[in-house]
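Next up, structure tokens for two forms of one chain, structure 1 and then structure 2.
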Structure 1
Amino acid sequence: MLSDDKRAKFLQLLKETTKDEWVWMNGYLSALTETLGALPPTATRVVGSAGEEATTAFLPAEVESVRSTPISCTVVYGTETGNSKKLSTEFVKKLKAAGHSAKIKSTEQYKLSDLEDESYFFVIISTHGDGDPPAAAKSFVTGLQERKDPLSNLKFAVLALGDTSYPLFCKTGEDVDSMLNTLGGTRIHELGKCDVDYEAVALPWIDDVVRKLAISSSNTVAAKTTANQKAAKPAGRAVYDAKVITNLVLNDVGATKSTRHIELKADSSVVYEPGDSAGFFAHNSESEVADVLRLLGLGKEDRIQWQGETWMAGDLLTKKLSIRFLPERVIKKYEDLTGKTIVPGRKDLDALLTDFKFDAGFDSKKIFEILEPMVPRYYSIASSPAAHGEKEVHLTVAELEIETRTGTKPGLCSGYLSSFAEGSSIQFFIQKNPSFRLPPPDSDLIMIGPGTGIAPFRSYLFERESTGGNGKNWLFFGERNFVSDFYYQTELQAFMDTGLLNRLNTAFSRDTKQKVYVQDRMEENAAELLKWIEEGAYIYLCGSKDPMSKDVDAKLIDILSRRTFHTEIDASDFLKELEESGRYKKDVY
């Protein structure tokens, strides 16, 4: 019980501090209580001003020993979608609120030579694709792998972001954690591993580390953590049941490709925002599964044991297992199983079984043990909850055709989605993308979205039309031919007529002798682009990573080199500043 005077001071302190500082105070006192346990022999009893007996747990010298001394910390993030950056920013805020010196850098900015001077070093990094680091973090990870000099004075902790749908869950974070440990660093907190609902694990992990630093900085024994990230159970994905209400080809007669507009209507409200993606677990095609079963010498109803469950072979191959573009680790397992020598490189299962046949008498059911689960595929959402209702989700899907060793095949997920007739049932989930949210309503927006990269920008335009705001909108769109490939032409022209879309520049590469792309249209409008950027416009880019996004980056740097504002830094650094400040955002694939 506090005296009235102390209680008044305590309440006044709460009024003058932030929620982040409350979190730190709570963690600090909790850890302090756990560490010190019972009252020391020198504790004294005093009487408070209200007459109640109070406890003073420490003599002045002991109080002095638990005062925190600031710790110097560095938080480095490696991100593809922005989630690691978001968490790092939150982490640094909490470290500073706790009185520590903390700085934040991206893996692209961080100089590995600075590791020798670090005291407390924290890495928050995601994993993408087949266990790969984010593009901007590859040199950071490679540099750690190549490092030989020890880091015996380094104290570190790693928070890994990933997706349990992928076999190499949080692989990059695991590798960084292992490398720092191998180099002699002291791990002060165990590796945190986050699934797609990353905050369920990440936020307790961050609080645990801040709490431990509070104890470390007061020179007492590190407290036992009270909020272990393993105890935080991820809520998992919300899977929506839906009907396909529209599935039509956007291209006109004579097109050399096929792109579809697909509309789904869920049984319940879908929680998403413009910029998010819809995720799907595709099914392997009936014909491809039949070929694999024939090569395995199995029937589709033969029983297979897989991960503790009994499946029919046909269902397991159709719904669960990846049989396309097998990674080399799976090829190696097949090589070990069959004793065959296999040419390196990724292969489809039907090609592997055709070119490297297993010997007579081999138990073909063993092949199922080495195959990995299918991973989800994601499509940018092209609808707006404000304009199209909370139950509808629209997609823009390019139908792919892939030449393989055993013939031409449709893209796994594009072929799967394209095959659904209107009225068919389908399931999907939402993949949040907080780093690709619409800018404030009154901000000007430059959108660069060739091909299916137009999908999120259709969502943005409908959302802005429905919710209002004075921000201007400018779209660059590109495809092959004007007549056959101008996606959403009628809608875009209507947006121009109403004044919602202030500028629209198109590039149709096959309509002229010399191919024209979106970056060429940007060059033609360089002066106006610079004016918009100087006035604070945001730039958003969506579409293929290579070569489109690289070409657009190069063109932006070229245009920015001619600017007459903020000339104290070069164009490349200026573009990086736009990206760091959130005014240049990319969603590329």
Structure 2
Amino acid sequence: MLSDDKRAKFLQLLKETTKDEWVWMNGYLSALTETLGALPPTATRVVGSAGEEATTAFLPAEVESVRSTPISCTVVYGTETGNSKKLSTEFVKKLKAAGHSAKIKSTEQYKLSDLEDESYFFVIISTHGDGDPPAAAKSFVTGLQERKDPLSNLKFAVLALGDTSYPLFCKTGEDVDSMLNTLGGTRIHELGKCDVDYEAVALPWIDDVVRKLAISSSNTVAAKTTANQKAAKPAGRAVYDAKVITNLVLNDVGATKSTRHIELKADSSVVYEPGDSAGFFAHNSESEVADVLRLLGLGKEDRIQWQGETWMAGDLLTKKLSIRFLPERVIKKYEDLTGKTIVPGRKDLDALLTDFKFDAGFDSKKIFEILEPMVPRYYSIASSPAAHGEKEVHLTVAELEIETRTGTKPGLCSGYLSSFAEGSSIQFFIQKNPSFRLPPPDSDLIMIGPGTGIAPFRSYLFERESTGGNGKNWLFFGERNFVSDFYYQTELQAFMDTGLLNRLNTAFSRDTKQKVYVQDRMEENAAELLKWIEEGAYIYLCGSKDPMSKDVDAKLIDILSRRTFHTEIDASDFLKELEESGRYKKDVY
């Protein structure tokens, strides 16, 4: 392989070096070869005069990454449902196995002032809402945005988690990647963007980074072994075909709202755990689609080209496109397209087309180019695979009523789900939530779930009843009126009778002059709550984000400030500690 001249130099070098240095060289070269093998096929290899590949052409970029000493890495994750945390844990494990020092922090724990001391900095972060950071990552992202001091010594890489169903796919990861770059950091690996089957992109991305950072010692073996894993083919999300077997209103006569209990039976076993949600793509209503078609001057069978496919206008508007509460970015595109000046604010398409009608002669089919696909809606699963069988999925769905410019409309998906007759067919998928799993069977559990927040706790209680365990259970539930809105009252009463549910506290806000909420019941039971917490109970919260979850947070801090244990840290830090250790979990929306 080597020319005589090179061979002589090589043997001379061997003569001049010790056995230990040979081991170092061996590790160095094997890591280097591994890195080169991973280069994309488009990379140009420079061919030397003797015809052999001149690998030295790659050295300037790769030599930096094949080092003789371990490096210090920080992996920060921003998550809502736990996927980014799971990947970060895996990443840190692999960095350590490759001989580096690596620490993991959540975006909440991470102090941005530590950035100047970082050398290798990795962020794994998802996108939620409409292109927003996870709730716990908001101040991390804002802090980065506001930062002025450059980070010229920082080497970084970002892995973004998202879902291609959303118009702003992986937006938060993109933003973080671009901010670190703008601040002067050196991007050592391209931004990775993961769809719903995130491991298909994430695991090879992690392996590539670990390989790039390989140390020339025996530890590289760990990196090399994983590097051989082939990228899994993206599988997409599993969609289940199901029948609606029950669809009933949980409220009784006199109720001022409507919440439904819906049971689905899938054709095959559904892979889910208590704490997961079911996801749905709703259909727009016939009447709303008819209005939009009329305003566009189109028939429902008119052919429309959309993203490389031919659709009938009616089907495209019914099944695919979002025509409600259009975001400002879509309104802006309508403004540009039609030349109309539009008052700011989100609008439904029917109102937009009525109030800001395009001029005669305008090609109304162009409107389809600016509309975005509908995004899924999620509903916490209220059933338990152990108790209800693996094909059944139960939901607790609050029917929304929205006052709009053109009249009262049902919430898009809650209205869609409510309209299903028993026996009709429906499709759904599972949105996993590894951050909201039942605690170990022998742990005590405090569940705070007013309104539809009760759904996952119904699942937990049935699961605990079926699978056993000695953990105690305490539920706080709240709604408007006892007589009409006590969801699952009979089941909860039965759980009390059998002793599965040790305590049940309810708050019906409209039964008394002075409104009473779950946090008031927590206050009344503060001493007992503190006792449970001191004895190691887990606290889980589910339901509306605002104001309920904020009020409950504030009440927990208030109650914890009266504790007599762990007096050395203040109550809000103590609650944060519970959150970080997984003993305080929230699934709020």
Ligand SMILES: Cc1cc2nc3c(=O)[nH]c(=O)nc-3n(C[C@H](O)[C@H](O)[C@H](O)COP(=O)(O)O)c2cc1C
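Here, residue number means position along structure 1's sequence, counting from 1. The term rigid core refers to the most C-alpha atoms you can superpose between the two forms while keeping them within 1.5 Å. Everything numeric here is computed off the predicted structure, so don't read it as measured data.
The second of the two structures is the form predicted together with this ligand. With the core held fixed between structure 1 and structure 2, Ile569 has its Cα displaced by under 2 Å. Once the rigid core is overlaid between structure 1 and structure 2, Lys148 counts among the residues whose Cα shifts by 2 Å or more. With the core held fixed between structure 1 and structure 2, Lys111 has its Cα displaced by at least 2 Å.
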